[in-house]
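Take a look at this single chain, the form predicted alone, given in structure tokens.
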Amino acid sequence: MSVQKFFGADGTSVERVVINGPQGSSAEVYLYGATVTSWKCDGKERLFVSRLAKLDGSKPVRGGIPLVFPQFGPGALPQHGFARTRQWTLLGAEEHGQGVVVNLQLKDNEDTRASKWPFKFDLLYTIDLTATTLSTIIKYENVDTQPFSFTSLMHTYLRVPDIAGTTVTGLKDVVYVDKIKGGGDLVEERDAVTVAANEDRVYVDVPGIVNVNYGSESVEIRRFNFKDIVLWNPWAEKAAEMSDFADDEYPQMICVEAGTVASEISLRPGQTISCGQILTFNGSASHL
């Protein structure tokens, strides 16, 4: 097991950290945005990154696990806030009995304090890799003298063999908002949710574990202090509108995103909260 840090061609940009875990597992994270761009276990890549994604720090990475903070979606700040377009600091890494842990940090600076969200904050991001799991947890701390509120989400792009054969379970009877069709709250009636068109849904107050299933394999998503799940696939029409997403890639991915976005998280001065997810791969090979 090991952790290696790599630099861009100019020696400064696109720094990334490669984490080598047990039983051939690995992960990769760019310090730009603290975006996890690869998670491999059981011999396969489990995250989707578009082949047209910009990995030079010029824009958010189209794929992997971009971090949304302090704003989900459009608003006073640029789309999805500023955490995914900031350079994070690598604090260190260590091995434990089951795998490897990497810690990164983002703090407020002059630019963030001059934004429409001017508060002082400290984010500690812990990435924990084992043979079959990837844990991504953020500790949010209010180091300001004023209370603040925010929304946050882990915009996880999962790689799937074919979206037509992919289902998402754990959402039955959950209230959701359909951002494509608009209108009021709806209730999910299906045991297994499928995607066959452009989908952008916010499932609110999801009670338990969510699973993404394809063939004999699945990825389990277990959340900590995140209330909601966002389900997204751009389908052909939206894929064609994105310069950093190839037109033919939408059948190979699904976004199932853990976060708190339908309501806000509020912190008093000095208060902290830790939120995140554990992704667990389940497949026939892992049980041999």
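Here the structure is a predicted model, which means the values were calculated and not measured. Note that residue numbering begins at 1 and tracks the sequence as displayed.
Keep in mind that the form predicted in complex with 6-O-phosphono-beta-D-glucopyranose is missing from the display, and what follows is about it.
Of the residues given (R190, K116, K107, K179), K179 alone sits with a heavy atom within 4.5 Å of 6-O-phosphono-beta-D-glucopyranose in the predicted bound form.
The single contact residue among K139, R159, K120, R84, judged by any heavy atom lying within 4.5 Å of 6-O-phosphono-beta-D-glucopyranose in the predicted bound form, is R84. Residues of just one listed stretch (95-103, 130-138, 148-156, 164-172) have heavy atoms within 4.5 Å of 6-O-phosphono-beta-D-glucopyranose in the predicted bound form: 148-156.
Contact check for W235: every heavy atom lies farther than 4.5 Å from 6-O-phosphono-beta-D-glucopyranose in the predicted bound form. Under a 4.5 angstroms non-hydrogen atom cutoff, 6-O-phosphono-beta-D-glucopyranose in the predicted bound form has Q79 among its neighbouring residues. The closest heavy atom approach of E257 to 6-O-phosphono-beta-D-glucopyranose in the predicted bound form falls within 4.5 Å.
In the predicted bound form, Y125 stays away from 6-O-phosphono-beta-D-glucopyranose, with no heavy atom inside 4.5 Å. Using a 4.5 Å cut-off on any heavy atom, the one residue of 200-225 that reaches 6-O-phosphono-beta-D-glucopyranose in the predicted bound form is D200.
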